[in-house]
Every structure is written in C-alpha cells, then in structure tokens.
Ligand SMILES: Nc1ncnc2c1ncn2[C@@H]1O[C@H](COP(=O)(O)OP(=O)(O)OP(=O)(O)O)[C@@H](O)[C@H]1O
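Listed next as structure tokens is one chain, alone, in the form predicted alone.
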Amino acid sequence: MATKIRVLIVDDFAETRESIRKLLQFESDLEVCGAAGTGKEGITLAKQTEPHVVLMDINMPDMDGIAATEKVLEEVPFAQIIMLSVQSDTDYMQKAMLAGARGYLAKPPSADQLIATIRKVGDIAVKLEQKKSIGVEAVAAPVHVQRAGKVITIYSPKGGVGRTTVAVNLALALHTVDTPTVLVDASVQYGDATVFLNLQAKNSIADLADKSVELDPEVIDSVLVAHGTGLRVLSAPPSPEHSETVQQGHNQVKRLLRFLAQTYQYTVIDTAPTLDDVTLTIFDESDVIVLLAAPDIPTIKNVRLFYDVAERLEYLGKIMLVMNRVDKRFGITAEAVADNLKQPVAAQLPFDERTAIQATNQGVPFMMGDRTRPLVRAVLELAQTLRVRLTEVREAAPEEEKKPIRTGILRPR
C-alpha cells in the first residue's frame, strides 16, 4: 500500500483545526496525525508524530508560525510546511519561505487548493522520509555529490527583453528536492539576479573566476548564497570593475561550470547581451541556449544576426527560441517571428508587466506566488519542455571534435 501523507494542523483557532480535520478525513491518502493550538505544542507534536506536512498558522499567541517552522524543521527535516495566513503581505510570504516553508496559502484556502498543495508537498516529504530510512541524507544535494547535470543558458542579443526575469523564475520552476538547481549570474558588469531574489551576497563569480583559486566543494559552497526555497545562487560581481577578473579567467569559468554540472541537476545561467569570451565559454558548456526574443523589430533583427553567428560557431543545435512578452495587441505574433527567422518558437511567455515588475520590486519572484497566473503557468510549461528536451539530448561527442576552436572572439581558426 502507498504511504499515507501524515498531516499536522497547527492553528490557535479550534474551529479552524476542526474544519480542516473534517475536510481531510474524506481523503484516503491523507491522515491527520495531530492538531495543536500553539506553536510550542506544534513543535512537540511534530517531534512525536513526524508529519509529512504541517499546516502552520502564521499568527499565534505564544510563538509565531515562522519561528515554529524553523523549530519543526530542526526536529523533522523531511517535513514540508504550508503556511496559512489571513495576511497577504509579500513580506510575510518571503519570511515564511526563508524559514523553510514550501507553500503559502491565504486563509481560508479553498478545499481543492489545500488538498492539492498537501499532496504536492507531501509526495516530496514521503520520498525524503524513505531516503532517510535507508540512510540517504534527507536534504538538498550537498556540493560534493556527483551528478550528470545539465546547463541551461538564458541569452538575448538585445537588452531589456526579460533575461533575468526568465532566468530567476525558470530556475525556481526547475528546482526541487530531486532536481537541485543553481542559478549563475554571468552578467558580469551589471548582473542583478540577487536583487530579484532579495538576497545579499558577500562573494561573487569573480571570486571563483580568479585563476589562483582552487575549485573544491567547500570553496564553491562558501561563495554560493542560499535562497529560502533551497535554490543556490552565484552572484554577479558587486561592481563593474570586477568583471575584468571574470573576463581574464574565462577558462576558470569553464571549469566552474563543469563542477556545478557534476553537483546540480540544473545550472541556469543569466547572461549579458554581449558576445565576449565569457559568454562564448558559457555557450560551449551549455546543453541548451534559451534564446529570448520579444515582439519588436530591433530585437528580432538582433536575434536574426545572432543566428548567423551561432551557425558559424556551431551552436544552432543547442538553441531553443522562446518568445517573451507575447501580446496580440503588439501586432507581431510568435508565428510571424518563426516564419521570419525560419526557426520554430519552442515556447511563448505572455506579456504581464504588472506581475513581473511587482515581483522584481518586492524581491519575490512570481513563481512563488499564484501559480494559476498565465505567466507562471507558461514558465512551468517552459521548464517541462526543457526537461523533455534534455532527456533527449544525444550523448555528447568528444569535446575536441564538437567544439569550435577560436583564437579570438568570433574568429575561428
């Protein structure tokens, strides 16, 4: 028989606890293992019952749900916390995610939404518990674990088309316990992926691009910064002058990317529009280059020029064309772009300026919000398309046979 998902309810209102209990009792795959009226009681019950899912109220008299979440995860590392709150403030959401919560639902949640969320995160917890029972560490993969990971690069030859927005949210869409993901900000002059995630990084890619640095798990792990979702992030340099270190160390960047690909299932890379040695090195190491276009003439012109360069440098087989900010009101459809470029459009992301800008300004990516939004669904579909494509990638040919040799930028021998 399949393992039932054990659910612990922590809420200071008895009526809320009872209504959730009654709702879940009709679901054969779910089992309420306990109910607590305070944060401290919830921690004690979690230790005793080892729930897969904890429904945690964010506001309680003795200990708030955020503090209780941290304590519960210390006692039961495989538990998945779903925060429930009448507060819709994104600051609460961010604090909850940083504390380790896997979901955030407004009270009262709909029955379908609550049950679907419990099942989704509960499946993760069951797998983690099973790994724990056979002696496998029940946390996201540590840096020294070897993996045959894939490298996904987000690129556009035109600025302002949403590269960082797509890179950040795609990385979050790909990241799970089973597919740990690292986001690399390789826009080495003005990268701001950490801003999109509201993170502060003490170190950056410049620290690892220095040729004198020995790349080992401890060093790399000390430079990466962790997001509340578990996503790891390698920041861009703190100021433009540090970008020179990265440019001079592009061979070290190659070694770094190979190291990350051995450690993480997915390495998602944000880039700058320029074609320099760092960007070309990244292209060499990429399994897929997500070429981002937008429905405007200057961008399409630049994309066409990039296809010419990509053909000369033998990158065409890696490119996946994606249209961002698609809106029929703009008059340029994805079909028209595909026809003009003679290239298929693999995915379309709808224009939703309000959602994207609000997420950026708040430092809370839209992937952490309402997943019914068209833009969020489109990114999830893009992530799935990439997963399918990457499982179909042919076995790599020997590198010396497959990669162009360059003596200088864009100048093959």
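What you are looking at is a predicted structure, and each value in this text was computed from that prediction instead of being measured. Don't overthink the numbering: it's just position in the shown sequence, from 1.
Form predicted together with the ligand: not shown, discussed below.
Given the stretches 230 to 238, 324 to 332, 110 to 118, 298 to 306, which is the single one in contact with the ligand in the predicted complex, using a heavy atom cutoff of 4.5 Å?
Among the listed stretches, the partner-contacting one is 324 to 332.
Is G317 close to the ligand in the predicted complex, meaning a heavy atom pair under 4.5 Å apart or at it?
Because no heavy atom of G317 falls inside 4.5 Å of the ligand in the predicted complex, the answer is no.
Test of understanding: in the predicted complex, would D352 fall inside 4.5 Å of the ligand by heavy atoms?
Close contact exists here: in the predicted complex, D352 approaches the ligand to within 4.5 Å, heavy atoms only.
Answer for T49 alone: is it within 4.5 Å of the ligand in the predicted complex, judged on heavy atom distances?
Judged by the heavy-atom cut-off of 4.5 Å, T49 is well away from the ligand in the predicted complex.
May I ask you to check whether R163 falls inside a 4.5 Å heavy atom distance of the ligand in the predicted complex?
Contact check for R163: yes, within 4.5 Å of the ligand in the predicted complex.
Which residue among T38, T385, T44, T360 has a heavy atom within 4.5 angstroms of the ligand in the predicted complex?
Result of the distance check: T360.
Of these, V345, M368, A356, L30, which has a heavy atom no more than 4.5 Å from the ligand in the predicted complex?
By the 4.5 Å heavy-atom cutoff, the listed residue in contact is A356.
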